[in-house]
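Just one chain is shown here, as structure tokens, and it is the form predicted on its own.
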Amino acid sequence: MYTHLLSPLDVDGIRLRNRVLMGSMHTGLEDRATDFPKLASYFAERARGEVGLIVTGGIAPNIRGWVKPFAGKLSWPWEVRRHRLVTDAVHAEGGRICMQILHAGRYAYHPLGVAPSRIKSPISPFTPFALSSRGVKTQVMDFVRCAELAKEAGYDGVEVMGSEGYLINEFTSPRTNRRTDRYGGSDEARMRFPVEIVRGIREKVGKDFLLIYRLSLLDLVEDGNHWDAVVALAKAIETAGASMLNSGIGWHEARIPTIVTSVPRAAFAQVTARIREHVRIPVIASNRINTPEVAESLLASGTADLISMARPLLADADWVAKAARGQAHLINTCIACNQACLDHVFENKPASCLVNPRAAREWELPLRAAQQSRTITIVGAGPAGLSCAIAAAQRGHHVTVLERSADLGGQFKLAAKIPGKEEFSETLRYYSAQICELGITLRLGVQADKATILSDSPDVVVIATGVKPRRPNIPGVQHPKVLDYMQALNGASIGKRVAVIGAGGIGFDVCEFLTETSDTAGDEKEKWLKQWGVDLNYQSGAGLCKARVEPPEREVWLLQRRVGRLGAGLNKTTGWVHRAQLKQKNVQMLDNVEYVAIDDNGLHIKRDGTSICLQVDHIILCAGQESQNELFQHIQSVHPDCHLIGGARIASEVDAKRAIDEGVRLAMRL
């Protein structure tokens, strides 16, 4: 089915078994020598899953290049040994692996950072030192030395990180390079630094060693590179000795989302196709490519020679193997939520995956057959219950799932209705397919009680009955104008003027749902590009243009009791996107709100001592949840092996990451 995707490719004397590249994804396991056995297990499972080529998370070529203090580095001979654990593990599974060399530049989160010019970045508290001409030469030599050591460690090649706003990208861009020596002042001078790095590496490592260059095709920041400069750099990098070009999209400080779930699939592949016309070496497409169908179409159309996917291979290590077996429906698709991968990295925690808690935990959660098969009854077909059911069935247990609704999904079913979160339905598709594949008994429309559960005499009972919306104690909260978020998302009629109480993740989601335009005409990708001001044709510099947003059909207020910025508790990698989208849709955000009453006139509030009546048609409650765990109390008293997981156990903010993790971990213990 995927003839282009699964075809081999020979590059620099090295054969890749297919066109899938596992893109660089920092896990945090790269940063300590003691974690390298865990890192080896993580990569080995992807190699076993038949990925064509793996690229590690970023490894600094020296201390100044650290992303953070004591981050992964390869600059001394005694650091080689730990990397051998990784390369040996991957090669034992028939895989290929490259090490990414990443110098943080002004993004360094420590006081030793360096950059082409002394310009502070908006995402680090430290101002970098400007490199002298001699200092630039030292950095070039350190990149080359790092590549030599990578070859000694058994890597099949290296990827030089020249995009996303890190050091090399800083040299190539007028935004951050204000130098007047031979490394700045013109497009040709600014590209000298990466060209010297690539040429130096190729001279030292020789042939039969992959040298990938990650090229910034779209800076997406003011004063970024224009298209002619991008093309010139691509050609120069090819001439200097690169084996392949990988697509880099957007700087980390760019105010345009590039990898969140609302970004259309393969949104930026057009620029990869354009650069491919100017070089002879293979070109790799990246960003929001998560299904074999999309990957195959890009390769078949000549857009790219390989496809880079990082997070999709966190979500499912067997992504390639399943595609090759004609089982794409069984792939656990990445939904680009970022909650357990990038958000964990920003929180200084090891990365994992919301839909696959085993990711980067393979050593801790090995998927082994249970010593004894047991019968398990799970009540609730939301994320917690379903993840537990599938992991338990994979281990050989006999599983029955009872669900009172007519279909499965729980809170994920609601999430998939939010504009930009349609990808969440892929997880429900995966769950449904695995239920059939594993022979799990699913009984929908069943209101489980003690008698129903105990009638099957299960060895284990798992209660995963989820949450219900909380109704705050506001006078008039029973008024017909009042809806909870479940009612709103499940099709209740909603007027043109709406107040949303509660500014957590659900409140933001509901506001996006309310302000979505009903105009379905036109290409979704083109509408998204216009909304965010992205110009893939480069009619203006760095791929930016004026954003054009369709006006919403509703007037919406988002309210919170707490003083401070609304959405302060949202996840780091996606929170700014949600706030920006609501600002685009003119949602009025009010903090420090006291809820006085609800009546026919609307919602009465006080703010800063002033009484206000919001004359709205409806008030939607997003003010927290309550656990639905009464059934657990009844079963626990009569069954010796009963467990409570997910929102039914803790109902703070709806947390699918925790719910799925709890489900999988419980299944591994049974």
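Since this is a predicted model, take the numbers as computed values, not measurements. Each residue number is its position in the shown sequence, starting from 1.
Not on display, but discussed next: the form predicted in complex with a small molecule.
- Every residue of the trio Gln560, Gln625 and Asp655 has some heavy atom no more than 4.5 Å from the small molecule in the predicted bound form.
- In terms of contact with the small molecule in the predicted bound form, the residue from Asp484, Asp509, Glu362, Glu555 that brings a heavy atom within 4.5 Å is Asp509.
- The partner is absent here; in the predicted bound form, the one residue of Ala503, Leu215, Ala542, Met99 having a heavy atom within 4.5 Å of the small molecule is Ala503.
- For the chain shown alone, His578 is a contact residue for the small molecule in the predicted bound form, at least one non-hydrogen atom being within 4.5 angstroms.
- In the predicted bound form, the small molecule sits within 4.5 Å of a heavy atom belonging to Asn571.
- With a 4.5 Å cutoff on heavy atoms, Lys585 does not count as touching the small molecule in the predicted bound form; it lies far away.
- Using a 4.5 Å cutoff between non-hydrogen atoms, Pro472 counts as a contact of the small molecule in the predicted bound form.
- The candidate stretches are 119-127, 201-209, 368-376, 464-472, and the one lying within 4.5 Å of the small molecule in the predicted bound form by heavy atoms is 464-472.
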